[in-house]
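A lone chain, given as structure tokens: the form predicted alone.
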């Protein structure tokens, strides 16, 4: 094995693939990168058995071959190398990496011990355009971080909505729903993907204009293929809650207000809310919404935001962090907020967009 690669390209590939390296594993091979020198490219792979990432990096290959090297050490090294080009050569059990003024040798493990990330692509489920993929930023953050609740740690893609494909995530306290999502000409019946897979796709700096989705039923995997990378995630075998029953209807109070003003109001009130279990009140008045918080040990504050209001005056309390999360991913200048009472869910929408909504469960407060 012998190949020459531009350091910048090598570093960029390692940065993405590094996200799939197991942080602690009883299988030492999972702490390694698989590096394969093929004609015209280096193929770098990593997996923690939940997700797997493969990146193709352009390279001049003099001799094909493959090996695995400790991921953390290689990543830390290449992150600090300044040489323009690097030569990778395998000599017995050592992988040598040399530049103009640097020479490093890594102990290796046989490539044959590295688990196969995918054995077959499976059924083509459609093509996602980049601009559509970026819309998933509005959904994925609402998934649960608790691995003990596998269904809620995923993002559900389903055609049960009737008007196209729905994408939904929830953690028991909030829910994000994107309707009519496009997979080209395909309508997906039901997939539950780890939210982590979607987050990894969205984290890529050089996302392709089109991403192909395949599903392997035999291996219970979803495979996202781009120009120079492949990301594989294991499908979640759990039942997602019936989200249609969670979406409230017949909401009696609506308020339309400026998103940036609301975001600033929440930030200001968060200074006090963080000393009071992160509780923030929204008080809907005739022509404004008042964001407020109080903490007995610190004090209290409130910020008024002008609003177009329909319905009776009302009040509700939310987790301030949840408010910041949703306001930070919404498009447009105006937010449409709907509620029916202090103990019923609040609904946040983008004004003029019927395909997206976000639900936050209220916090019961005294007085």
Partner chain sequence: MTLDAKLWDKVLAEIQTEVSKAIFLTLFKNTSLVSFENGAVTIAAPSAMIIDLIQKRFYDLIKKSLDAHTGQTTKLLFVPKTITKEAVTEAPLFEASATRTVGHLPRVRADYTFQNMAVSTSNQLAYVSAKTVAEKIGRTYNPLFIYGPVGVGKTHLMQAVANEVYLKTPSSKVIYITSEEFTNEVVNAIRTNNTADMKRRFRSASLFLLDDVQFLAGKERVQEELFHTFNTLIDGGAQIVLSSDHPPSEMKKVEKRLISRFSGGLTVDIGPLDFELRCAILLIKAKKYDYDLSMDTAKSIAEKTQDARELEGILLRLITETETRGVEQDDVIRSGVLANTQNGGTAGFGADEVIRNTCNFYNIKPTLLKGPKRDAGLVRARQVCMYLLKKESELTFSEIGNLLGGRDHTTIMHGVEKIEGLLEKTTLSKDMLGITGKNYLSNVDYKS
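Basically, rigid core = biggest C-alpha set you can superpose within 1.5 Å across the two forms. Computed from a predicted structure; not experimentally measured. Residue numbers count along the first chain shown, from 1.
Although not depicted, the form predicted in complex with the partner chain is the subject of the following passage.
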| query | finding |
| --- | --- |
| is_contact(residue 229, the partner chain) in the predicted bound form, heavy atom dist at most 4.5 Å | no |
| Contact flag, residue 210 vs the partner chain in the predicted bound form, heavy atom cut 4.5 Å | no |
| Distance check, residue 103 to the partner chain in the predicted bound form, heavy atom within 4.5 Å | no |
| The partner chain contact at residue 293 in the predicted bound form, heavy atom, 4.5 Å | no |
| 4.5 Å heavy atom contact with the partner chain in the predicted bound form for all of 58, 130 and 166 | no |
| Contact segment among 274 to 282, 87 to 95, 193 to 201, 234 to 242, judged by heavy atoms lying within 4.5 Å of the partner chain in the predicted bound form | 234 to 242 |
| Heavy atom within 4.5 Å of the partner chain in the predicted bound form - residue from 225, 78, 117, 215 | 117 |
| Heavy atom within 4.5 Å of the partner chain in the predicted bound form - the one residue of 99, 126, 180, 172 that qualifies | 172 |
| Residues of stretch 35 to 72 in contact with the partner chain in the predicted bound form (4.5 Å, non-hydrogen atom) | 47, 49, 50, 51, 52 |
| Cα displacement of residue 354 between this form and the one not shown reaching 2 Å, rigid core superposed | no |
| Rigid core superposition, residue 25 Cα moves 2 angstroms or more between this form and the one not shown | yes |
